[in-house]
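Take a look at this one chain, the form predicted alone, written out in structure tokens.
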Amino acid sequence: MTVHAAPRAHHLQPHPPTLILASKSPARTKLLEEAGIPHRVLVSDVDEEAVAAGHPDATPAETALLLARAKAEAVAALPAATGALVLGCDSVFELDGQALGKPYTAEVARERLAAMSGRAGVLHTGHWLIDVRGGHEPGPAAGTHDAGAAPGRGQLASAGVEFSEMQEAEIGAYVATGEPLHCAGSFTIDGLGGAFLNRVDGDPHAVVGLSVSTLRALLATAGVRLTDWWAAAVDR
């Protein structure tokens, strides 16, 4: 009698949830793509200045988390977010205890860069994850002074940034490119601004605007492994 071996079963990995990034930042999208995490972008209409003004006693680190939370909550409330995980991120640069967000104007950018020249500060990036899947109850918030007031989990990633001396002409040329106008602290690490950075102490991804290791930890609280997306890609 011939005995035939049973065919080997092919175990498909569970299909990971959809991740929605509540940010239009190309740098954050690129980080997710490079980390092998497919996602959709759904931009919130949060007034960042109004959110910050509404919490005048918040530290720069708390402000970063508050802004990330506001973005995530605004997008999670949209019908298009149903059944997904929503990630909000925002960055705030701290210099001399003051929170420096996006400068928006060339004049402000020049003033900030001149003040930062040859000095060091801290870049705080807040992450807020909301689980909008049915049957999944989000856990308590973390890392903010009014934690627990809304569904979701928050976590902060910070890194020290040391700048080289910048000449006035260099600052003017950098501002003229337009790059620093819409960046927290008026600089980037992954663009032209990287030319003025001496060192980074901490997760460099946090300076770009999204710490992948922090996201991994937040996903775990929702019962999702970052590697699930990698496995799903292999199964395809």
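Numbers follow the displayed sequence, beginning with 1. Every value quoted in this text rests on a predicted model; they were computed, and no experiment measured them.
The same protein also exists as the form predicted in complex with a further copy of the same chain; that form is not shown, yet it is the one meant from here on.
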Within 4.5 Å of a further copy of the same chain in the predicted complex, heavy atoms considered, which of Val108, Met166, Leu95, Ala81? Met166
In the predicted complex, the one of Val51, Ala58, Ala35, Ala27 near a further copy of the same chain [non-hydrogen atom within 4.5 angstroms]: Ala35
Are any of the heavy atoms in Leu181 no more than 4.5 Å from a heavy atom of a further copy of the same chain in the predicted complex? no
Is there a non-hydrogen atom of His15 within 4.5 angstroms of a non-hydrogen atom of a further copy of the same chain in the predicted complex? no
4.5 angstroms heavy atom contact with a further copy of the same chain in the predicted complex for Val212: yes
Val41: heavy atom within 4.5 Å of a further copy of the same chain in the predicted complex? no
At a 4.5 angstroms cut-off on non-hydrogen atoms, which residues of 195 to 212 are near a further copy of the same chain in the predicted complex? List them in order. Ala195, Phe196, Leu197, Asn198, Arg199, Val200, Asp201, Gly202, Asp203, Pro204, His205, Val212
